[in-house]
Structure formats: structure tokens, C-alpha cells
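One chain is shown next in C-alpha cells, namely the form predicted alone.
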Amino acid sequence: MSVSVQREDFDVGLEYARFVAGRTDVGGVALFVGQVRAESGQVAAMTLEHYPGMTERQIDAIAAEARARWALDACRVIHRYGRLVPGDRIVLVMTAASHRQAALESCHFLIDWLKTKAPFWKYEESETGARWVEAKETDDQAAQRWRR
């Protein structure tokens, strides 16, 4: 299990190559890359803020929950912070397991829980001004399916 919270961009191909290097025991890898979207030209930039230390601990806990629920061989999460513009990568989630179902389900779980439980605050800039982004009910509903 590996978690990074960083300002700098990441290379998806390089991260994937490192993730699977020498892993002949893995039957399936699920990978998700989230990026800033323009939302019909409304978002000019997004700034993600976090509390160092607390954020990493929370993401570690979310990843540990995924490992407790699924038989994962490996898990990698990279989440960026700072000012990002449309098209910039925000998050990379990779899970590896002996079988595809565990990899796919755990990756989906991680994405949903990162969106609702990871302590990041989003500030969006647009043509009409800037605002702090509130949590979306649709994100909470997506995460609800994973509650025990």
C-alpha cells in the first residue's frame, strides 16, 4: 500500500510500470485517473488545499479499508494539491489482485471514498468569480453503497 499527496504531476505510464514490475502473481490491475474538467467552460482553475499529515493518514486508512474488504496484492494512491487547470491530473488510484473483480471493485470503492472522506478543500475559479466547493449529494450517494 502506497500513498502520496503531492503538488507535482505524475506520469501514469511510469507509475503503472513501477506498480506491476516483477508482479507475476497479479491477475488484474484496475487504474483510475481523475482530472480537472472545465464543466462547460465554467472552471478556469481549481485549488486543492489539505492539512499535511492528516490527509495522508486519512488516505492510508481508506486504503487499509480497501485491503480489509478485498484480497488485494497492491494498492497505490497519488493525490495532488495546489492550483490545477482543466486537463490537469488530480488523482491516480491503482489496485492489483489475483482476480479482476477484486481489483475493479476496490478501485471503485477507493475513488468513491476518496471523494467523500479525504480531507481536501476545493476552491474554484471561473469567469463569474471564485467560490469554495460544497460536497455534492451525488458523491455522498455513490459512497453510501460501500457503507457496512
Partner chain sequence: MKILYFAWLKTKTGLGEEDVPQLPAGVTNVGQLIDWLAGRGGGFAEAFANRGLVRAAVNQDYAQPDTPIRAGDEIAFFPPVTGGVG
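Positions refer to the first chain, counted from 1. The model shown is predicted, which means the values in this text are computed figures rather than measured ones.
Only in words, not in the display: the form predicted in complex with the partner chain, which the text now covers.
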The partner chain contact at E134 in the predicted complex, heavy atom, 4.5 Å: yes
Taking heavy atoms only, is R67 within 4.5 angstroms of the partner chain in the predicted complex? no
Partner contact for Y81 in the predicted complex: the partner chain, 4.5 angstroms, heavy atom: no
Is R100 close to the partner chain in the predicted complex, meaning a heavy atom pair under 4.5 Å apart or at it? no
By the heavy atom within 4.5 Å rule, which residue out of A118, V26, L104, V43 makes contact with the partner chain in the predicted complex? A118
Non-hydrogen atom within 4.5 Å of the partner chain in the predicted complex for each of S2, V12 and F19: no
Listed by sequence position, which residues of 48-81 have a non-hydrogen atom within 4.5 angstroms of the partner chain in the predicted complex? L48, E49, H50, Y51, P52, G53, M54, R57, Q58, H79
